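One chain follows as structure tokens, the form predicted on its own.
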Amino acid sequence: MPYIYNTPQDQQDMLEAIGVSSIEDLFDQIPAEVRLARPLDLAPAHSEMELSQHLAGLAAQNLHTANSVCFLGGGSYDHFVPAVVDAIASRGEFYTSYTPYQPEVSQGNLQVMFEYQTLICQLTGMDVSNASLYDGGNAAAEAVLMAMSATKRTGKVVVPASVHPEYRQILETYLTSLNTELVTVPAEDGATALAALEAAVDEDTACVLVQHPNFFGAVEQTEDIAHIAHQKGALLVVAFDPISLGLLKRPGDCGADIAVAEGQSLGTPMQYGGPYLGIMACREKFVRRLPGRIGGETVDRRGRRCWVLTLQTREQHIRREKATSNICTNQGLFALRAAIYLATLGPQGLRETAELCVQKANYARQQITQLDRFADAFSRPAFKEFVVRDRNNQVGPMLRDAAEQGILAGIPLQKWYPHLSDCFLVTVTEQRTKQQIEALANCLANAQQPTAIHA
């Protein structure tokens, strides 16, 4: 922990700067009757060594990916982060640099933006990328607002139930004051019910937001969904898993107009859920409606290659009512990490990572569902996540038992999907070994059984 000194002279200097004579004077505005009139009941003070040991002991009680085996997912993934990502992103000129209010003097920042955008466009098959948004849910909601602006339709937005439930919650919050109907289309066998989707999309629909692979890990029929949206004049927003594009078709090749993603899997640890990276890319015709920053390449007056902030009139450079979004300070450091990660792996490395995810997830799915207690909740092909049904309907106690054995076995789905109260989501990344997968299956096989109640 850092050592922060605070001498009596330091305290006196601060009091003089504030304009009071004692620390007690700072509390004068608090009525005496509500103040604690005795010393706090604290344990005796520790020495520095004792305190360090005590805090280390408390920290050791936390269950995390460094001291357990992680099969958690649902938007935050335990992917391998090459050492080069930390080495470059930890350079002082990167982690101390923030929003470039005089952008042209920040050539390094702008170059990072430009290279990140280039990689995202190559990854997604889209024409333009920004750099960047706050997280995947924020990017999805901003994409929907962008689609509403582009189509000039504000009546309806259609979202399948297979889209991440927290993305849908964020979107609902965004749309609360806009008088826009948010229509949720049911899922069939873990993916979008196409007939229900087609019935829901009409001439008032601004866009369809689909996730591919979806929250359940299942592969969606994205091209069919694109056709349904486009024949009614609506746009298609695709929320994708960046790692999946090592194997699956790019959003741009599936008919997406706007592509968004949570970029955490590209070189950022799980970090208790954030801060993360929101990825957004689109067709060139929508570039002037794209929120967030855009770095561009040009030449200076001497003909040398340089970078600028392109189409600046987006946030602080324009009147509030004309801004494309409220995005100002972006997740530039995490965009840098994503750029380093993608450049390090390259197309072949990304493909190999995706293949390992698919192969290991399929092996885990086979190992778990061959047990009498468990069954596949859905039959559709999946990428790296799949849903398991517990025939004993004891998901909570079972996952707690597994955690006590050092295995984070999955995420219960009842919180978001009450009809899936007997189901849990399992995620398998390239980091999981054959032995760890078999240990998971063995742990679940021996998990606590429900106790019989006798009259």
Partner chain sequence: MRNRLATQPLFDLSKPGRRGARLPKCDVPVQELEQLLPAWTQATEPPSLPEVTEPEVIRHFTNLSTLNMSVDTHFYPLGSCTMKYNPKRNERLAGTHGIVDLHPYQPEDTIQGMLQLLYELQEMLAEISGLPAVSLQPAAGAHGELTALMVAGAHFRESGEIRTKVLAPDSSHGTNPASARMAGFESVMIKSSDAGFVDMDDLRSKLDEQVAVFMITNPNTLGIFDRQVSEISDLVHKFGGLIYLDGANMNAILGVTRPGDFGADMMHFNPHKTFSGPHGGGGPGAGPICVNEALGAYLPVPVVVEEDGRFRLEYERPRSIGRVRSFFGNVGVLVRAYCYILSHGPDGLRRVAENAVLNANYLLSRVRHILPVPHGQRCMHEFVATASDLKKKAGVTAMDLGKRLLDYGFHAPTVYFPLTVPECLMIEPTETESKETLDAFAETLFRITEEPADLLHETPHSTYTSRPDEVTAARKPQLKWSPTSDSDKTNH
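Residue numbers count along the first chain shown, from 1. None of these values were measured; they are calculated from a predicted model. Note that the rigid core is defined as the largest set of C-alphas that superpose within 1.5 Å between two forms.
What comes next is about the form predicted together with the partner chain, which is not displayed.
In terms of contact with the partner chain in the model of the complex, the residue from Val159, Ile368, Met126, Ala234 that brings a heavy atom within 4.5 Å is Met126. Looking at Arg305, you'd find a heavy atom of it within 4.5 angstroms of the partner chain in the model of the complex. Among heavy atoms of Ser76, some come within 4.5 Å of the partner chain in the model of the complex. In the model of the complex, at least one heavy atom of Gly137 sits within 4.5 Å of the partner chain. Contact check for Cys70: a non-hydrogen atom falls within 4.5 Å of the partner chain in the model of the complex. Remark: of stretches 344-352, 182-190, 196-204, 368-376, the one touching the partner chain in the model of the complex is 344-352 (heavy atom within 4.5 Å).
Along 357-379, residues Val358, Gln359, Lys360, Asn362, Tyr363, Gln366 each place a heavy atom within 4.5 Å of the partner chain in the model of the complex.
Once the cores line up, the CA of Gln12 ends up 2 angstroms or more apart between the shown form and the other one. When the rigid core is held fixed, the Cα atom of Asn67 travels less than 2 angstroms between the shown form and the other one. Shown in the overlay between the shown form and the other one, fitted on the rigid core, is a CA shift at Lys415 smaller than 2 Å.
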